[in-house]
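Here you get one chain, nothing else, as structure tokens; it is the form predicted on its own.
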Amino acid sequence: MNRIVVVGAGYVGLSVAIMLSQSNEVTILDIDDQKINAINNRKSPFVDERIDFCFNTFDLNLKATQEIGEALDSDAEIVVIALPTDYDANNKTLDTSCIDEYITEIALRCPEAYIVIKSTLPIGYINRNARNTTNQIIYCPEFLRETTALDDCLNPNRVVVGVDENDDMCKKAANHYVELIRCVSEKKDFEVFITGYLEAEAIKLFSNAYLAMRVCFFNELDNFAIINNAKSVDIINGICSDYRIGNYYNNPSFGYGGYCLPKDVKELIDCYPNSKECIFSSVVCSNKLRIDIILNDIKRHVSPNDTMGIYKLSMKKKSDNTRNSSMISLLKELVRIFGQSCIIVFDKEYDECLDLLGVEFVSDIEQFKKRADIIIANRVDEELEDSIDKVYSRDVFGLD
């Protein structure tokens, strides 16, 4: 049994901690007392059905704390860093300051532990910083989906580990971590890619950039359908029958958003000397254009004195994440054009953006559906089925 510390109780850190706590002693370190209390009381601090199931079903060797001294002690053998790295627009790169601080703390408190970084990193980060500590560092980027993070942890389609290719001890740490994952995962035959640090960092960023690009591709297709009064679903089905394109991740939306895709695309753009000419710059522009196309199309469907209902501000059906949400971007534009008095918003939780916009929040779904003359929804849930005749959405497949 290994003594493991996971720094960060977000959906990545908590999922990794739960997975590893099946056969290891795991401590989660986080500064958010609400998350700490929820985890210690075996309640998920965010939406994830598999986490709820594990908390209610299994006796996990897991605890959470805010005390750095309690978590990071000399007995720790592995420290996993799963902290957010938001995009710093001023410096045009991901902000790694919190990771820098914890690497320093780990070196002081756990000099024998090896460090596993799960956070998204700028290209070249570990090569620049690994020499600043005697701890072995491996980079194992996550490829988890929000709301299914734990299930993705337990059933990985691949595991990527970046190492110092000239250091046998680093390679040994990488293989050890891979075996820890294999021991507790449900899927045992996942592919493993052990690469240099730089290559692993690039795999993470290019993976998310491709997903953002694919979202934009099908939204561009849907833009064409809107402008030309064509059937988007027929075009998508026709082109996706080509096995080289594939019938997946092809459902139009109001744009990509969330924690990862926006910042990772920006980070990758800044790796190019002529950043404005790279394809990913066009992806960012396309995502902004999508809101304009949707906005103009909504105008055609709205009559004078209509009450517009915004159905959920989050990006996905079962998500409570509104960060960089295209729905909020669209809402801001609707308020700018139509004013706030003719708009109401339904969601499970109140979002602080509504204070700034002055839009009415309606928590009762039946009242919301009754009052709204047109319901604008990025994704159509079952609870809208009885009002589908007044729903505006580009959700043609009913998928996230």
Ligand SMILES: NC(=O)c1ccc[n+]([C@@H]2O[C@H](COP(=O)([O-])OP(=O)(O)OC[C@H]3O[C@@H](n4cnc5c(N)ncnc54)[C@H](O)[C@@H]3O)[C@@H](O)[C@H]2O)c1
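Remember, predicted model here, so these are calculated numbers, not experimental data. One-based numbering along the sequence shown.
The same protein has a further form, the form predicted together with the named molecule, not shown here; the description that follows concerns it.
Query raised in the report: Out of 260, 327, 79, 138, which one falls within 4.5 Å of the named molecule in the predicted bound form, going by heavy atoms?
Result: The residue from 260, 327, 79, 138 that makes the contact is 260.
Query raised in the report: Which residue, 72, 265, 115, 144, has a heavy atom that falls within 4.5 Å of the named molecule in the predicted bound form?
Result: Checking each option against the named molecule in the predicted bound form, the one that comes within 4.5 Å is 144.
Report task. Tell me, yes or no, whether residue 83 is in contact with the named molecule in the predicted bound form, where a contact means a heavy atom of each within 4.5 Å. Result -> Yes, residue 83 sits close enough to the named molecule in the predicted bound form that at least one of its heavy atoms falls within 4.5 Å.
Query raised in the report: residue 204 near the named molecule in the predicted bound form, any heavy atom under 4.5 Å?
Result: Yes, residue 204 lies within 4.5 Å of the named molecule in the predicted bound form.
Requested in this report: Answer for residue 256 alone: is it within 4.5 Å of the named molecule in the predicted bound form, judged on heavy atom distances?
Outcome: Output for residue 256 is no: heavy atoms all beyond 4.5 Å of the named molecule.
Query raised in the report: residue 32: heavy atom within 4.5 Å of the named molecule in the predicted bound form?
Result: Yes, residue 32 sits close enough to the named molecule in the predicted bound form that at least one of its heavy atoms falls within 4.5 Å.
Query raised in the report: Has each of 10, 119 and 323 got a heavy atom lying within 4.5 angstroms of the named molecule in the predicted bound form?
Result: Judged in the predicted bound form, 10, 119 and 323 all sit within 4.5 Å of the named molecule.
Requested in this report: Quick one: find which of 144-152, 158-166, 299-307, 246-254 has residues within 4.5 Å of the named molecule in the predicted bound form by heavy atom distance.
Outcome: That would be stretch 144-152.
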